[in-house]
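Below you'll find only one chain, the form predicted on its own, shown as structure tokens.
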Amino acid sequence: MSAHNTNISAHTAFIVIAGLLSLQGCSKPAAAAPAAEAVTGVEHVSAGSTLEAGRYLVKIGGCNDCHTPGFAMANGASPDEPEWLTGDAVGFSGPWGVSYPANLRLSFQNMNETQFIEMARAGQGRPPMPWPSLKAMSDKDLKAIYAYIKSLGPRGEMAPAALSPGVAPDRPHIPFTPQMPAATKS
């Protein structure tokens, strides 16, 4: 198989996996999310330490799916933890423009815990970031995530800047634009 065909196959596999990941929560009607005030008293995940709790929440929260290059394509088998959360240059395009998964390890170097919690509670970033999931977490869980990501230390480069609607990306991206099914002939 040529290198070109391998790249096309890998790109196709990534698109299929990303599409499946984006649909995993679509099978049941969503329950109304509690207000932020309602979740502050909720118990948090139990672990041996704050860092272990943060690592667990990063894993089950799907943070690596977008924020770690190659993670979704390898079904979580790669890369190793030292490479986690370094952002990705594969974007997500839709009516909002194109967003790129941030390098959380660099972003957290310029943010304190209070700023992270405020950002999570505001949840005003671009899709497909699952802001409702962060908003539903207790402060204790958000603090654990912050502590874990901060403990990893800086690594990698900043993700590309988001693009406004109508600006064509110059790198790979996954379209998140609803498509109507083709009309069938009777």
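When you see a residue number, it is the position in the sequence shown, counting from 1. Owing to the predicted nature of the structure, the values given are computational and were not obtained by experimental measurement.
Same protein, other form: the form predicted in complex with a small molecule, not shown, and the subject of what follows.
A.B. asks: Counting any non-hydrogen atom inside 4.5 Å, which residue from G61, G70, G123, P154 sits next to the small molecule in the predicted bound form?
C.D. replies: If I apply the 4.5 Å criterion carefully, the residue I get is G61.
A.B. asks: Hey, in the predicted bound form, does W84 get a heavy atom within 4.5 angstroms of the small molecule?
C.D. replies: Answer no; every heavy atom of W84 is more than 4.5 Å from the small molecule in the predicted bound form.
A.B. asks: Look up in the predicted bound form whether A89 has a non-hydrogen atom within 4.5 angstroms of the small molecule, and give yes or no.
C.D. replies: Although the small molecule is absent here, A89 would stay clear of it in the predicted bound form, with no heavy atoms inside 4.5 Å.
A.B. asks: Any of the heavy atoms of W131 lying within 4.5 Å of the small molecule in the predicted bound form?
C.D. replies: Heavy-atom contact with the small molecule at 4.5 Å: present for W131.
A.B. asks: So, S99 and the small molecule: in the predicted bound form, are they within 4.5 Å at any heavy atom pair?
C.D. replies: Yes, S99 sits close enough to the small molecule in the predicted bound form that at least one of its heavy atoms falls within 4.5 Å.
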